[in-house]
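Consider the single chain below, provided in C-alpha cells and representing the form predicted on its own.
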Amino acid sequence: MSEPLISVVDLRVEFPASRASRDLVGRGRPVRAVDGVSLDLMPGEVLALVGESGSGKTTIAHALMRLVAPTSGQIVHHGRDITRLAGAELRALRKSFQLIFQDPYESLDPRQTVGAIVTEPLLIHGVGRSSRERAGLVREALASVGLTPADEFAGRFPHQLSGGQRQRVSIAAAMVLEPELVVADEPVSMLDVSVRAGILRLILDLRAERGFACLFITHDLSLAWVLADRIAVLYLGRVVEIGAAAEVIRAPRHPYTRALVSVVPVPRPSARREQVILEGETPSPSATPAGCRFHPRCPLRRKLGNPEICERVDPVLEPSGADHAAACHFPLEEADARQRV
C-alpha cells in the first residue's frame, strides 16, 4: 500500500472570540473550529468531508492549504511536516495544492480576461519559459475543461460566461499547474442544478486522467456517496465517523451519521429508511459540551436511558469494522438500531 499524500495529526484550529460574541456571552472563549482531527489522504483518492455548516470542513481545507495557521497538531506531506512552512518553501508547496472555490461569481477577477486568469498561476510560480509557452499551457487547460475553442474563451471576461463556464475557468486555473492535491470546496452549491452533474463529472474525469488526490467538501451526503472513495463525517470540529463511502452509507456506526443517511433521497419508495430528525441546535464551537459533543442531540442516548458516560467521557475514534471507525460509546447498539429499521 502506498504512503499517504497528506497525514493530518491531531489538528486544532482556534479563532479568538469576536467582540460581538464577547459582549453577548460575557466571556472571551476562543472558537474551536477544528478540535483534534486526524486523517490520511491517499494519492489519487477522493475523500469527502461531510457535515453541517460550522462543522469545520472548510477550516480543515484552509489549514491544509496553509491559508489559516493551525493552533496545534501536524500536517505531514510526503513525510515532511509542513505545518510551520513559510516564505519560499511555502510558495513551492502551494504549487502542488490547488483550491476550487465555492462561488465562481466571486472568485474570478471581473477585470481580467479568462486567459489572464488562467495565466496568473503560471506567472506566480514561474512556469513557462516564454509568453508563447504559457499561452499554449492556457489553451490546453481550457480545452481540458471543455471550454473550446480555447482561443475564443481566453479573450472573454467573466461577466460574459455562465455560472458553469465560470467554474470551469476556476478548474482550468487549478489544473494548469498539474497539482497533487485539489481541494473542491462545495464546487457546485452555487450552480444551477442543470449544470452540477457536468462539473462533478469533469472533476472526476480529470482526477482519473491526472491522478491527483481530491478533498471534496460538501454538506450533501448523497453527493459524497456518489463521488468519494471515503467519507469523513464531522460534527463540531471533530471527525465522528470515517470509512469507505459505501460502508458509511450502508452501515453507519455513529447516530449523527445515521441521521444524515436517513434523509438521503432514494430512488425506490420501498427502500426508504426511517427518518431521524435531530432535536435542538448545534452548540457553539466556543462552548463545546462536556463528554460526547453530540450527546445533547443524540437519539440513541435517549433510547439507551441517558447513560452517564455520554456526558462525562469524550469518545475517541475507534475501529468499527474494516476501514471504518466511529467516535461513539455504543457503535454496536447503533448498528442494531439501524438493522431493526
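None of the values given here were measured: they were computed from a predicted structure. The first residue of the shown sequence is 1; numbering continues from there.
There is another form of this protein, the form predicted together with a small molecule, and it is not shown here; the text below is about that form.
Among the candidate residues Ile309, Leu67, Val31, Leu304, which is the single one with a non-hydrogen atom no more than 4.5 Å from the small molecule in the predicted bound form? Of the listed residues, the single hit is Val31.
Distance check, Pro315 to the small molecule in the predicted bound form, heavy atom within 4.5 Å: No, Pro315 is distant from the partner.
Against the small molecule in the predicted bound form, would Gln275 count as a contact residue? Criterion: heavy atoms within 4.5 Å. Close contact is absent here: in the predicted bound form, Gln275 is far from the small molecule, nothing within 4.5 Å, heavy atoms only.
Using a 4.5 Å heavy atom cut-off, state whether Gly44 contacts the small molecule in the predicted bound form. No, no contact at 4.5 Å.
For Gly54, is any heavy atom within 4.5 Å of the small molecule in the predicted bound form, or not? Contact with the small molecule, yes.
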